[in-house]
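The form predicted alone is given below as one chain in C-alpha cells.
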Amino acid sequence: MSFWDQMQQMDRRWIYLMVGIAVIIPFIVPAKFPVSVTPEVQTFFDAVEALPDSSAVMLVFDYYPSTMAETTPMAVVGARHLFRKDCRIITLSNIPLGGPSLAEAVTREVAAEYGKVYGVDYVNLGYKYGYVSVLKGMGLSIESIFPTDNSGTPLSELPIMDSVKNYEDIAFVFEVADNATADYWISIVNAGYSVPMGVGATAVMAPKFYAFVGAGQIVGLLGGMKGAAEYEILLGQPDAAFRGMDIQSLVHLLIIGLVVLGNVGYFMGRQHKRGLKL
C-alpha cells in the first residue's frame, strides 16, 4: 500500500489526537495570531471610554450558561473597562437560568481586581419575570421593579442606588445576550428613553445587529468570541477570548491542512494506481 493510500485510510483517532493537541498548545505556548479590530468594536470601546467617571451603567447578563464560551469574555472585558473608568455597575438579567449567578461570579471576580466594593461600586439586582414590563417599569422607578438586590438586601440600604432612580440616571447599557431580549432593550430602553447602549451577541446572532449600529441605535457591537478578543486588545488585557481565538485559528489551520492533504492524497493515489495498470 502506497503512502497516499495510507493517507486516505488514516484512522480518525489520529485526527482527534491532532485536534486535541492543537487545542492544548495555545494554553502552553500562546500563538498570538493577529486579530484585527473592527469599526463596531472600536466605536463601542470609544463610547465607554468617553463616559464620565463615576457614571452609573447597566451590565445586563441575558445569556444562558450554554453560550458562556462566547459571552462571558464579553461581560468580563466590559466590566474591566467600566471599573477602570470608575463607573458604578448595576447588573441584572432577564434570564432566570444562570443569569443572576453569572452576573454574581463575573462582577465579584473583576471587582476584586480593581478593589471595588459591593453595594458602593456595583450591585446585582438579579432576575425579575416579564422582561417587557420590567424594562418599561424601570423607566419610572428601578426600585419599584427590584425592591431588593439578588441577595434580598433592600436597595434603600445600598449607597450605589442613592442617586439612581430610573433610566435618567443611567449613562450607558451594555447588553450581553444570546437571544431576542437584546431587541427589546433596543426598542424599549434606547428608543423610548434615549439611553446609549452597546450589544455583545453570539457570533450567530451578531449579523442582525449591524443594522442597529448603522442606524445609530447602538453605539457598537461585540460579535462572538472575536468581538470580545478585539475589545481585550483595545483594553490592553488579552485574556480568555484572545486565547480562544488562538485555539480557533490553530484548529482551523489544521482542518484546512488535512483537507488539502486528503485531496492531494486522493489524486496522487489515483495516479499511482493508473501507473500500476500500465
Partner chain sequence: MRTTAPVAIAFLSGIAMVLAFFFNEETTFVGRLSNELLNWLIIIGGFTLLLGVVSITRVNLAAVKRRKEGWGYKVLTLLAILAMSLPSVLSSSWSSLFGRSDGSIYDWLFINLQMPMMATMFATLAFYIASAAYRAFRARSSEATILLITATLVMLWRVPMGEAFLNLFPGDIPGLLNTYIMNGANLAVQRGIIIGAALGASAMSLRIILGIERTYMGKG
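Just so it is clear, the model here is predicted, and its values are computed rather than measured. If you superpose the two forms and keep the largest set of C-alpha atoms that fall within 1.5 Å, you have the rigid core. Positions refer to the first chain, counted from 1.
Just so you know, the form predicted together with its partner chain exists too; it's not on screen, but the next bit is about it.
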item	value
Distance check, L253 to its partner chain in the model of the complex, heavy atom within 4.5 Å	yes
Interface membership of V35, its partner chain in the model of the complex, 4.5 Å heavy atom rule	yes
is_contact(Q248, its partner chain) in the model of the complex, heavy atom dist at most 4.5 Å	yes
is_contact(F172, its partner chain) in the model of the complex, heavy atom dist at most 4.5 Å	no
Candidate from V195, L155, I145, V164 lying within 4.5 Å of its partner chain in the model of the complex - any heavy atom	I145
Residues of stretch 143-169 in contact with its partner chain in the model of the complex (4.5 Å, non-hydrogen atom)	I145, N150, S151
Is_shifted M68 between the shown form and the other one (CA, 2 Å cut-off, rigid core)	no
After fitting the core, L253 CA displacement of 2 Å or more between the shown form and the other one	yes
